[in-house]
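This document opens with one chain alone, in structure tokens, the form predicted on its own.
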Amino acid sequence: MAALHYMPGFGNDFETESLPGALPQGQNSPQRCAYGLYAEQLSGSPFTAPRGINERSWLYRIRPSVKHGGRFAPARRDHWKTAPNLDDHELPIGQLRWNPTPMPKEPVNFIDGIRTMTTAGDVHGQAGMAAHVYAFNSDMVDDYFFNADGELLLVPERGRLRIFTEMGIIEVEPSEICVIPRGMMVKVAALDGEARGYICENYGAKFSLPDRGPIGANCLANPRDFKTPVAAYEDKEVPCRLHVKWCGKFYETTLDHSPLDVVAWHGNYAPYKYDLRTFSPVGAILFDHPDPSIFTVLTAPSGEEGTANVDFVIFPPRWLVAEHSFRPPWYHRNIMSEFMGLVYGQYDAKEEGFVPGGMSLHNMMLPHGPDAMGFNKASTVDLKPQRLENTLAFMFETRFPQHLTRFAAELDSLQDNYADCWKDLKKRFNGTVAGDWPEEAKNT
């Protein structure tokens, strides 16, 4: 299989063609396009959005999209839920954690293998998000899908994905992510036979790079490390099905051809991938632990400055060097709601119980922080420089409370004893400055 090619940059205006001369020059909509193609605009923002956030691409395709649909029929996907999805279960509030979702035993493709864990906000107002897991073992061959409700951020945990989009092909592996814009047609294959991972379905404003503020012009996620695919197309005339998610409902229609027929395109509304290993962390180099927002890769803003509709945050390998400081994440209560997953390795605040493929949810104003073992270790360890190796955790954080689905509440993998990880936190207050610590701990 030939190596794939990508164009670097975030939010750039790209141009690409898979046949020479297929892309018009100097105008968008010529009277007759080369190769008998149709010109079509795909808009990801209102026409009058300010230039800096206006998103659109011109596609030059074998058939216009109006030929990629017919009479739609309702379809069911009972495990893919959309906000608002309230009162779906009887589980009380609390800190929650799950073991990995089992791989399916029967053939299941990507869209049928999606299971919703939480929903937040309201899709009808284009605000909020949903957190999903996916697990599948069958390729989408003649099935295609687009999501009108939001963009999809995919975080693979097991197995590589090959994502054929209208605008080109992306291959993504664990330690990488991929973002599929709202409304873009795709089909997904598992290059290793099976795949599992996480999805953030963002109903709101698109993901963008966070402002760096005092950090300046460099570090965190650098724009040059984002990769957008070059044009690729299918000219295939066989029976196909197109599946659509629209305002939380599903529909499908039959086609006699592939809808992935874009021969050339230009614009800034496009899918992309990013290698999380190129993220350049910034942190404390003298004392104390910075807010986790310092690890934000992508943010989807809300209408309130500084308050995200969704933040995508990672906790990658890095050095810990802070002096006379508690280095793991501190104990915390937060107006934002945090859904976490682990791609590989061990999370420094939870050395047991939080495993690759697993998940945790710390909802609005519910306290959380290191388990007893992590607290005791971090409180007594020799504070020499330490490199956290072989670890990649992430967080979908949103301003909205995340409501559990019935699927998540009733999963066998839900850890009933998660809250017990804090039960051995001892009272260390005894009226003395040193506190009730063993002598050897007081000397560290």
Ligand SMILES: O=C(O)Cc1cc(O)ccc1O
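When you see a residue number, it is the position in the sequence shown, counting from 1. Since we're looking at a predicted model, the values are computed, not measured.
Separately, the form predicted in complex with the named molecule exists; it is not shown, and the next lines address it.
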Quick one: the named molecule borrowed from its pose in the predicted complex and superimposed here by the pocket C-alphas, is it open or blocked (3 or more atoms within 2.4 Å of backbone/C-beta)?
-> open
Only one of 194-202, 102-110, 146-154, 287-295 gets a heavy atom within 4.5 Å of the named molecule in the predicted complex; which is it?
-> 287-295
Is Tyr233 close to the named molecule in the predicted complex, meaning a heavy atom pair under 4.5 Å apart or at it?
-> no
Taking the shortest heavy atom distance, is Phe315 within 4.5 Å of the named molecule in the predicted complex?
-> yes
Find out whether any non-hydrogen atom of Glu338 is located within 4.5 angstroms of the named molecule in the predicted complex, and reply yes or no.
-> yes
So in the predicted complex, does any heavy atom of Tyr347 sit within 4.5 Å of the named molecule?
-> yes
Students should find that, of Arg277, His332, His124, Lys249, the residue having a non-hydrogen atom no more than 4.5 angstroms from the named molecule in the predicted complex is His332
Interface residue in the predicted complex among Leu392, Leu59, Met395, Leu411, criterion: non-hydrogen atom within 4.5 angstroms of the named molecule = Met395
